[in-house]
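Only one chain is given next, in structure tokens, and it is the form predicted on its own.
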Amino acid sequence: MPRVRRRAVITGLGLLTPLGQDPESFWNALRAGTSATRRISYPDASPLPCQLSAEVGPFKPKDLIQHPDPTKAKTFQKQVNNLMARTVVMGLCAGQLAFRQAKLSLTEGIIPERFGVEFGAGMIASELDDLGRAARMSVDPETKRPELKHWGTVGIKEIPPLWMLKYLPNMPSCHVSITLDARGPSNTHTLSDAASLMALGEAYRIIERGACDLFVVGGTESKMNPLSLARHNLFQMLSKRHHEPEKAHRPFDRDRDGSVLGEAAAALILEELDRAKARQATIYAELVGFASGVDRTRDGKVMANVIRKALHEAQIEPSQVDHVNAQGLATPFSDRWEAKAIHEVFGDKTPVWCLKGNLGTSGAAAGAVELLGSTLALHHNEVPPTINCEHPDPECRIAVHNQGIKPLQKPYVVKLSFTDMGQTAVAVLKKWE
């Protein structure tokens, strides 16, 4: 007999974004067409070619993160403050917020061995204070240059003993697993902009085949670090529109000149349908299709085929999709590459929505944050506009939704994420009725 595929639904949302730190404020900012892009507040960015960013802003981890054992709460807060990089703390906050928003309880109804965690993360840059003294101690007094012999004998001793554990990309999933007592499958995906959507796809497959019932799935990344900012300014095309920061990130726009770096964390609860129904959970959407692949030639053909595979698994036609939630990096090549793939599947009729004009690009967190945008669109029956696409590029032959609030007209949405090297992930969500 053919195996029955188990269904998975989204029942909890948690996020820290430049537009808000809860689903309601995030959604209201999207509806209002708000841009979070500003001048970088930290560090001093005056030497950088791009001095713009979309920052989360202040937040208090102690108000957002809880340890299940009250006797360990004080020690745990010290660990949060001293042994977790900002990216890790943000991911842990998003994971716990999603858990609580889903009205789950560690003391009721959860089998820890069937509760998993999947996260997308990237290279977490070290804080300068953790490396500065070691670097200075490794400078040869005669050559005035760092020397390996000094590093090995003197400099390395100045590195904090737990330095590596502060910055490993698997730390968000580890800390979420520990604090929520999730003993099931746990994994971290480090595929840049496609990371958190890949994490979602793996969690979906595990639930589908019956190996797990419940997942925290998320993504987190902060580029607001001197090393990250310097690296991205060297190797990434970033906007120089300093005279109007709010309009700097311009997805699919004729006058786009690059991305704006950002930071964010987002997590969702992916839950087996019967389990969600049994506990009368609020269901925001159903995940009905997923596919991945590598568009190595970067001509859009493989990317288009990945979209088709996701639609095939969802058992729908392109005409049934309300909108495509695009990546929209706002670089000339990337936007045209993405637009070719979307046009090949959907033509120029299906609306395309992009959130990066609001949020900037947050790397490994972007897929999860933007997917939550479409999840809320399904839940609220409307789609906010793509901002800053004022003059659509005629070479991007897609229907960018850039005017006002659009009523939701069809029950399916497609979320597309990809990397510079062509790794592509596509998820299909269905409105829950």
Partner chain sequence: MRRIVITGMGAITPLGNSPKELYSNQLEGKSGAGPIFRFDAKTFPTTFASQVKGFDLAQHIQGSEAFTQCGLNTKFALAAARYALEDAGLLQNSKVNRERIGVYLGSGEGSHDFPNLSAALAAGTPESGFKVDPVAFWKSALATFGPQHEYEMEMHTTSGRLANYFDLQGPNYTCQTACAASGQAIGEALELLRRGDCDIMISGGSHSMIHPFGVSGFNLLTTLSLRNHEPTKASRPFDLNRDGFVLGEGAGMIVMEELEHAQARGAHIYAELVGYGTTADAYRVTDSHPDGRGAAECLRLALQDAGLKPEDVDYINAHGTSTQVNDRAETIAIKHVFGEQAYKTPISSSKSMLGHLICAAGVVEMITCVMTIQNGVMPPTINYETPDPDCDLDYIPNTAREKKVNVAVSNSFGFGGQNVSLVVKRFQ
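Computed from a prediction, not measured in an experiment: that's the story for all the values here. Numbering follows the first chain given and starts at 1. Basically, rigid core = biggest C-alpha set you can superpose within 1.5 Å across the two forms.
There is another form of this protein, the form predicted in complex with the partner chain, and it is not shown here; the text below is about that form.
Novice: Which one, His175, Arg256, His323, Lys356, lies within 4.5 Å of the partner chain in the predicted complex by heavy atoms?
Specialist: Looking at the other structure, the residue within range turns out to be His175.
Novice: Going by heavy atom distances of 4.5 angstroms or less, which of Arg136, Lys247, Lys240, Arg100 would be at the interface with the partner chain in the predicted complex?
Specialist: It is Arg136 that has a heavy atom within 4.5 Å of the partner.
Novice: May I ask you to check whether Arg275 falls inside a 4.5 Å heavy atom distance of the partner chain in the predicted complex?
Specialist: Outside the cut-off, so no.
Novice: Taking 4.5 angstroms as the cut-off for heavy atoms, does Asp129 touch the partner chain in the predicted complex?
Specialist: Looking in the predicted complex, residue contacts with the partner chain include Asp129, since a heavy atom lies within 4.5 Å.
Novice: When the contact criterion is heavy atoms within 4.5 Å, does Glu344 count as touching the partner chain in the predicted complex?
Specialist: It does not: once the partner chain is placed as it appears in the predicted complex, Glu344 has no heavy atom within 4.5 Å of it.
Novice: Contact with the partner chain in the predicted complex for Pro407, defined as at least one heavy atom pair within 4.5 Å: yes or no?
Specialist: No - in the predicted complex, heavy atoms of Pro407 and the partner chain never come within 4.5 Å of each other.
Novice: When the partner chain is placed as it is in the predicted complex, are Leu165, Leu168 and Ser186 each within 4.5 Å of it, taking any non-hydrogen atom of the residue?
Specialist: Judged in the predicted complex, Leu165, Leu168 and Ser186 all sit within 4.5 Å of the partner chain.
Novice: Please pick out the stretch from 315 to 323, 346 to 354, 117 to 125, 90 to 98 that is in contact with the partner chain in the predicted complex, where contact means heavy atoms within 4.5 Å.
Specialist: Checking each option against the 4.5 Å cut-off leaves 117 to 125.
Novice: Counting only non-hydrogen atoms and a 4.5 Å cut-off, give the residues of 296 to 321 close to the partner chain in the predicted complex.
Specialist: The stretch 296 to 321, when checked against the partner chain in the predicted complex, contributes Arg296, Arg298, Val302, Asn305, Lys309, Glu313 at the 4.5 Å heavy-atom cut-off.
Novice: Rigid core aligned, does the Cα position of Asp63 differ by 2 Å or more between the shown form and the other one?
Specialist: Moves: no, less than 2 Å.
Novice: Do you see a C-alpha shift of 2 Å or more at Glu390 between the shown form and the other one, with the core held fixed?
Specialist: It does not reach a 2 Å shift.
Novice: Would you say Gly33 moves between the shown form and the other one, meaning its CA shifts by 2 Å or more once the core is fitted?
Specialist: No; that C-alpha moves by less than 2 Å between the shown form and the other one.
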